[in-house]
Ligand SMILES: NC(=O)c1ccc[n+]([C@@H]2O[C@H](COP(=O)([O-])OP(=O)(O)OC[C@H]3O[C@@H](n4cnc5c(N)ncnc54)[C@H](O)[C@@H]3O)[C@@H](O)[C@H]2O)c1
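Encoded as structure tokens, the following chain is the form predicted on its own, with no partner shown.
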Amino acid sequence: MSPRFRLGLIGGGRMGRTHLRALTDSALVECVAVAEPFESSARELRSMGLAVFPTVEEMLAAGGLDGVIIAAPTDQHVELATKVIEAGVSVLCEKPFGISAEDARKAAALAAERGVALQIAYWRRFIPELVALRREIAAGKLGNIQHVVCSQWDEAPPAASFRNHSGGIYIDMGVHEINQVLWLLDQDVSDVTAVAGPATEDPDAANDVDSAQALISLSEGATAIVSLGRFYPGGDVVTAEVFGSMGHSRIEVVSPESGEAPQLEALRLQAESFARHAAGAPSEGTTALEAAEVLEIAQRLTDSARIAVLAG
């Protein structure tokens, strides 16, 4: 038996390859198989020593998996997770876990019924600086939290083929910041106001927008700004800033200077934590029920900004 936790990967595209790079140096977790229907991608994956299957069903039937990472398009998340759960295999699914909170909750109930782990891959929870900040907030070191600013600006927009299945900017990008705010502060959302920026510059994704901002009111009096955009020359940038009555903290989670290194490290830590959770340890990541709550808030922001949720 392999000493490492054996993962299958569904989806060998951009995010799937990112997971593969993140797991390269893990002593606890390894990816041993990929479900990838496109032969050009499949050939590249085979050259990396991976067993590649054209369908999820064939990968699961081959056996030998302790868990599965789902890195397929957003609108396929819940359907694929359901297949894996029904096969009795634990699931680490990319965020946002579909575009419907109701569907996310149904999958959570199925996982509980079948006794398998289901975790959603909000990797910010595994950034060491954010973990330390959350502990400082909980310990009262920053006093009463007044305001949080979370921003995510990508270097450039994704392809229209991705955008048209993503649910729109708040569900595609904003869920990361929403999840992060709820996790950092341990407060509930009481109200939201949102606005969208100019319409997209991509004529093939005319129902989407390239920037959006939100103001979120929280249950214990704090407020949060979420800033999203798709034009940051030089590379992606992610920041988190907290203002308290006794202190202030600003963290640059990802920047053009850091590149993808912080994300890769967080993805490795996340996969290793998931492996421990699948073996019976408490979850350190985002649950499917938490992801459903985040989706509901993202939908409220989408409605407030009067922008369409893309459906294909």
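Quick note: we count residues from 1 along the sequence shown, nothing fancier. What you see is a predicted model; the values in this text were computed from it and never measured.
The same protein has a further form, the form predicted in complex with this ligand, not shown here; the description that follows concerns it.
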{"property": "Contact assignment for this ligand in the predicted bound form, among 108, 121, 224, 242, heavy atom within 4.5 Å", "result": "121"}
{"property": "Residue 56: touches this ligand in the predicted bound form, heavy atom cutoff 4.5 angstroms", "result": "yes"}
{"property": "Residue contact check: residue 256 to this ligand in the predicted bound form, 4.5 Å heavy atom", "result": "no"}
{"property": "4.5 Å heavy atom contact, residue 14 and this ligand in the predicted bound form", "result": "yes"}
{"property": "Close approach of residue 26 to this ligand in the predicted bound form, 4.5 Å, heavy atom", "result": "no"}
{"property": "This ligand in the predicted bound form: contacting segment from 60 to 68, 29 to 37, 275 to 283, 244 to 252, heavy atom within 4.5 Å", "result": "29 to 37"}
{"property": "Those residues of 65 to 90 which, in the predicted bound form, come within 4.5 Å of this ligand by heavy atom", "result": "71, 72, 73, 74, 76, 77, 80"}
